[in-house]
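Take a look at this single chain in structure tokens; it is the form predicted alone.
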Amino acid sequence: MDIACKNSLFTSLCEQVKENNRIDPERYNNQDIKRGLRNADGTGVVAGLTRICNVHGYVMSEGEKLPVKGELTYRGYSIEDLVRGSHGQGRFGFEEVVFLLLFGSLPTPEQLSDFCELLSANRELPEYFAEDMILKAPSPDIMNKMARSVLAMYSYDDHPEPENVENVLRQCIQLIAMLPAALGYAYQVKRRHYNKESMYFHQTVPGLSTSETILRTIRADAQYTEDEARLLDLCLMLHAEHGGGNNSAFAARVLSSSGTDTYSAIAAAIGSLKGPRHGGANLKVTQMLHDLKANIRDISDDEEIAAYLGKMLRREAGDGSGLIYGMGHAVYTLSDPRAVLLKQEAARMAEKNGYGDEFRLLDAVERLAPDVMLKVRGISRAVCANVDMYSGLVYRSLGISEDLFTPLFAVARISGWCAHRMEEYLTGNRIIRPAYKPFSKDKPYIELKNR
């Protein structure tokens, strides 16, 4: 069969797929189906219990959803207190957060020191892993390469199956420690193969924090300042966990509920986070920012900005999605505490590193978008900026490539995924299996010659 015939056949098959796989959205409404596992009022369908994290953004009063200031707590501790408690005392906080998420309590000084040493001792990838699994098979997307690397770790583990809680915990700690190295190698080989730029590899230095290790790995000169490392540490702390209902954590729990291995569960979570409706949203905000700068003549003119945002909502501008990226959240209403903390640092670093105009433009989007959404879409509910609004600008202020925005999210969030895997492993004891209601009619079989 020649290419033309193949193309014709493929086009025909695609049309058949479209015809037989589309479901009228009205059918969902008629059947009271919880699309996206969401209730009609936007709240999530309760699928389980967790002690790991609480994401609080509204209260229900007499059946009405009322907006409140957003709160994020890890094991009962507010994210603001965790940031203030570590950075206020001049130490990095991500490792402390990882300990808290995995073990359920804040570490003592001795426990924190021992845990940091444990992570440091497990930073290196297995011997020849980078050459065989990463360098020989470059990927245009670092997230895919990280997922593949995690899956490949199964083959390097003498006890890869979830034999007991001790084994699962060992695997989780090793993956948390090694993922920055997988990110670094994947980034370098992508630079060489796809960008035609030089690769550079730096040996792991014992005793460095996760944020220091990352900056040293991705920079040609392996140099960074204390201020830069603390800012990246803040990003890691804010992205470490966000409840069992977020798409990637739920993916990890769904796979864990089947009894599969740790590597499969975490690789699935990485695949979930890659999506632009989840972790990939920070890159979408950056792309939106480029578009706004190219099309708005005066970034100090609120009327011009608001008019362009209206065009975006009407799918007349932007990427045609009808979305204002960085605005809105499934839970938060009045504020996203992560965005509040990041915005403060974004303002400081943006002015310092020459991104002041970009910050002011994002700030204007945050201020103006709710009113524009009300006028164009009739959306009257409280809409706040989410963490993705400012995380990309912070990364750019640190000189971090856009290729790494979502992978850095994964390096942080794997701590939450592992905590949820442990909780599901210990207390789930039942495979997660929601139902889908079929509505196709029974049909008599037709012999091939009569079709």
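Residue numbers here begin at 1 and follow the sequence given. This one's a predicted model, so the numbers in the text were calculated from it and none came from an experiment.
From this point on, the text means the form predicted together with a small molecule, which you will not see here.
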Which one of these stretches, 244-252, 321-329, 297-305, 204-212, sits within 4.5 Å of the small molecule in the model of the complex when only heavy atoms are counted?
-> 321-329
Arg38, Ala281 and Met373 all contacting the small molecule in the model of the complex, non-hydrogen atom within 4.5 Å = yes
Give a yes or no for Leu313: in the model of the complex, does one of its heavy atoms lie within 4.5 Å of a heavy atom belonging to the small molecule?
-> yes
Leu368 near the small molecule in the model of the complex, any heavy atom under 4.5 Å?
-> no
May I ask you to check whether Glu424 falls inside a 4.5 Å heavy atom distance of the small molecule in the model of the complex?
-> no
For Leu102, is any heavy atom within 4.5 Å of the small molecule in the model of the complex, or not?
-> no
Sort through Arg377, Arg84, His290, Lys136 and report the residue having a heavy atom within 4.5 Å of the small molecule in the model of the complex.
-> Arg377
The unique member of Asn386, Ser391, Thr406, Ser397 whose heavy atoms fall within 4.5 Å of the small molecule in the model of the complex = Asn386
